[in-house]
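Laid out below as structure tokens are two forms of one and the same protein chain, each shown alone and named structure 1 and structure 2.
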Structure 1
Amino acid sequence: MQYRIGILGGSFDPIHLAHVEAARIARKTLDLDFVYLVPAGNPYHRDEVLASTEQRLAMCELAAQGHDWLQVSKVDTDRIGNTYTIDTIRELAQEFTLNHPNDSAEWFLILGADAYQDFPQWKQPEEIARSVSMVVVSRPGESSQELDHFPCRFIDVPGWEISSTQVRLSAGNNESISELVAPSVNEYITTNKLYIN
């Protein structure tokens, strides 16, 4: 069998509704068998109260519950040092070959429009573009312009202004985040008093 597999990487600090919606729409549009959520090992925000790697993973697991097509991968959180997507792709492909010796896979890298605009500055972008098909999900206020040398398929979704930054700010101000994250993630944030100074 040939699998069609999506990869959505990010800090997921925390995972919010637009992340899951981006994965869902990409899966539907591209007929993917499943999508890996890959929390980054070493996110680099500054001057902010942040969740630990274990907490970010736990929230991704909660958000993925009930979606059998959404799987949380620890390839990046298990690796020491900075997260580079070229390593993520290589490790996921190796893992796939080990687990499915008789199958093949076509890989789709799902990016928000902001991440795609930064893509030429990533480590080995040409190599990444050769290994996967890039799928770009629109994001309010971000360009939907295709970059030279890095073809992609754009998926236009109704503008959803959710960001993890906004979730952290709202939670820190004791404002409701029920419109921004899944109920289980909301409960986890409240119980663990995340993002509160």
Structure 2
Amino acid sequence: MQYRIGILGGSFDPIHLAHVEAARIARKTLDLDFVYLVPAGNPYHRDEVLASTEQRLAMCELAAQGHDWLQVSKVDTDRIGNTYTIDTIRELAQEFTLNHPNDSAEWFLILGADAYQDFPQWKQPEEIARSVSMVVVSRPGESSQELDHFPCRFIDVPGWEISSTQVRLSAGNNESISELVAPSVNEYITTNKLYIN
């Protein structure tokens, strides 16, 4: 059997409703069998994360509950050193081969429009582009341009303007985040007093 598998990586500090919606729309649009949520270990190109690795993993697991097509992978958090997408893809492919020796997989990398515009500066972008099909999520009506040598498919995700920064600021100011994250994630953030200034 050939599987169609999405990869959605990020700091997930915290994971919010737009992340899950992006995965859902990508799955529906591209007929994916499932989507991996891949929390970054040490994301070299991002600001320092505030929640611990264990907390970010726990929030991803909570967000994935009730979605049997959504799986959380620890390939990046288990790796020592910087997190590079090319390593993520290779390790997920190796893991898949071990677990499904008689099957094959077609891989789809789901990323935001901003990340896609920076893609030529990533580590080994040509190798990534050969290994996966790129799926770029953006807000409805947002115009994005396909990069030379790095073809992609654009999909609209309503609510994509939600950001983890917005969630952290609202939580830190003791404002409601119930419209931004899943109820279980909201409860986890509240219980663990995450992002409090």
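A quick note: this is a predicted structure, and the numbers were derived from the prediction, not measured. Along the sequence of structure 1, residues get numbers from 1 upward. By rigid core we mean the largest C-alpha set that fits within 1.5 Å across both forms.
Structure 1 derives from the form predicted in complex with adenosine-5'-triphosphate, whereas structure 2 comes from the other one.
When two forms of a protein are overlaid on their rigid core, residues whose CA moves 2 Å or more are considered shifted, and residue 172 is not one of them between the two structures. A displacement of less than 2 angstroms separates the C-alpha positions of residue 34 between the two structures, with the rigid core held in common. Relative to the superposed rigid core, residue 157 undergoes a CA displacement of at least 2 Å between the two structures.
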